[in-house]
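One chain follows as structure tokens, the form predicted alone.
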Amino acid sequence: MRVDQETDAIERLAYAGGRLTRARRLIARTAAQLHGAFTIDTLAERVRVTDAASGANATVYRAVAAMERAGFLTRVGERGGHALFARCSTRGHHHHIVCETCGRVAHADCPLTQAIEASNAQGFRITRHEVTMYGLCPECAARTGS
């Protein structure tokens, strides 16, 4: 992992009031090394390769929750009923496109911006919305002939 990513994780966790234990540092370092979208179970398996105790599911779940609150990880969708997370450094409101084959994540502008603005103009107050897009990245589409 690049040093700036580890520093970013540590600074964000500290800012969010998270405890900076050895296990959380290892989990953050491992999360930063994963490319694309991953489940908490996948992250826990990778952490256990380095340190079985730090890879305990409860420890990883709590660390991921803290990293999500701190903005180090972002929930980008779901696979098989499990939440998918990824590192996202893009600021501002946007959505994600997740490759169903390799988990690659791309950013997309919000397609609902005009609808939200129109709703606000009519007096509605939109409190949240969710857009999840799945497909194949260019490399996976080329491999499958899609």
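Numbers for residues come from their place in the sequence shown, where the first is 1. Treat the numbers as computed from the prediction; the structure is a model and nothing was measured.
One more form of this protein exists, namely the form predicted together with the DNA; it is left out here, but the text below deals with it.
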Partner-contacting position among Ala106, Leu112, Ala83, Cys102 - heavy atom within 4.5 Å of the DNA in the predicted complex: Ala83
The DNA contact at Ala58 in the predicted complex, heavy atom, 4.5 Å: yes
The DNA contact at His95 in the predicted complex, heavy atom, 4.5 Å: no
Any non-hydrogen atom of Thr42 within 4.5 angstroms of the DNA in the predicted complex: no
Contact of Ala23 with the DNA in the predicted complex (heavy atom, 4.5 Å): yes
Per-stretch contact check against the DNA in the predicted complex, the hit in 112 to 120, 29 to 37, 61 to 69, 87 to 95 (non-hydrogen atom, 4.5 angstroms): 61 to 69
In the predicted complex: members of 41 to 55 within 4.5 Å of the DNA, any heavy atom: Ala53, Ser54
